[in-house]
Every structure is written in structure tokens, then in C-alpha cells.
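The data below hold one chain only, encoded as C-alpha cells and taken in the form predicted on its own.
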Amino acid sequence: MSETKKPRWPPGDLVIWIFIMAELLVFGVFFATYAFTRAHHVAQFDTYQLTLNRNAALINTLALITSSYFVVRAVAAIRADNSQACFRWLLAALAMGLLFLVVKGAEYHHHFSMGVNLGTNTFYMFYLSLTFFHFLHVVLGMIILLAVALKAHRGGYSAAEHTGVETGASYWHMVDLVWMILFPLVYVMR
């Protein structure tokens, strides 16, 4: 009778969790500063928040939620020793990440073509800083997922050893979590 291996906790490499906690701390400070500043400039923030494209932000929210689902499926596939299914699920997650970047890029293009920049006002300084910092994390997450996907495609992971898949998945879920806070904070809350 074969013994089922219990999943590691936390999943992935412990070092990624230290990095994730540090990143969440940075974002937490950024969010707290945003909330504190917003409380002192409510009229400005309410006015300029209306210039943001909530539909684009909703599309991006759905893209990231979907991508996280695909990453969960990739982890399940490799735990079932199916590296090619893992590879395909990771490609699907990367497609959703690319959709996020394209939509966010279109938002940036719109604002920049209207003359908006970091110096326009306090709201736009926070909007551009927060969302671009997150944008860079999406790019890094996609690089990580691509490296994991390529290794999975070459058969580099198995049910017995897939720490790299779980490590990449953990980082990607952190990127998704940050957006789940950023989206209502910047686009919705009034």
C-alpha cells in the first residue's frame, strides 16, 4: 500500500513566504498611507476617482481571479503527476496575466494622453504609484510562472517534487490578493 504524501505547509519554498510577507508589509504601508491621505482630501479623491475606468478595473479583477484559479488547477495537476496539464494551466494563467497588463496599459495610455502624471495631484500620485507598483509585481509574477511552466513542460516537476510550482503559485496568489485590496480601495470606495 502506497503512502500518500501530505502537502507541505506553507506550500512552496519558505523563502518565498518571507518575501511575500515583506511585500505585503510594503503594500500595507502604502494602503494605510493612501487611506490616511484620502481621509484628509475626500473631495479631491472622490472627484478624481470618477475619472478612473471601473469597467477596465473589473475586467482586470476577473482576469486575476481567473488566473489564480488556473494556477490552482496547475498545482492540482502536478500533484496528480501530470506535468503537461500543469504546463497548460500555467499558460492559461499567463494569458490572463497578459490580459491584465494590456487593459492596465490602455488605462495608463488614456491617463497619460490626458496629461496626467505623478505631479498632477495627490490622488493621481497615489493611483499611478500604487497601480504601477502592482503592475510590476504582475510582470514579475508572470516571469516566475513562465519559468515554472517551461520547467513543467520539460518534465522538471513531478508529484513527488513540485516545490517550484507551489512557490510560483504562492507568489502569484499574493499578487492577486493585493489587487483584491487595491481594486475597491482605489476604484470603488467613496
Partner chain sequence: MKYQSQQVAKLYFIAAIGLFVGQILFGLIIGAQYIWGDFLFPQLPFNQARAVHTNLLIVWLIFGFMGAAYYLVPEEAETDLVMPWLARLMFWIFLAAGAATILGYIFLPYADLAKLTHNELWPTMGREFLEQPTITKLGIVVVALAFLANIGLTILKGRKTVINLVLMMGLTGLAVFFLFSFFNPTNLVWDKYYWWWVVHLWVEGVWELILGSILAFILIKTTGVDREVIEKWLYVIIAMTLITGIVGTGHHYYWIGTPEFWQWWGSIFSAMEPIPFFMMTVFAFNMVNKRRRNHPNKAAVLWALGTAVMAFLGAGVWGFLHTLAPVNYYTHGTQITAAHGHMAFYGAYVMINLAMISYAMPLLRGREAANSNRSQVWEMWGFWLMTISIVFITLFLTAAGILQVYLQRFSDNPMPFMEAQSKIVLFYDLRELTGLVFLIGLVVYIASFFVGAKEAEAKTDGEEVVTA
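Residue numbers count along the first chain shown, from 1. None of the values given here were measured: they were computed from a predicted structure.
Same protein, other form: the form predicted in complex with the partner chain, not shown, and the subject of what follows.
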Quiz prompt | 4.5 Å heavy atom contact, Q44 and the partner chain in the predicted complex | solution = no
**Asked** Can any non-hydrogen atom of V26 be found within 4.5 angstroms of the partner chain in the predicted complex?
**Response** yes
Mark L146 yes when one of its heavy atoms lies within 4.5 Å of a heavy atom of the partner chain in the predicted complex, and no otherwise. no
Q.
With a cut-off of 4.5 Å between heavy atoms, is A106 one of the residues that contacts the partner chain in the predicted complex?
A. no
Restricting to 96-123, the residues within 4.5 Å of the partner chain in the predicted complex through any heavy atom are L118, T122
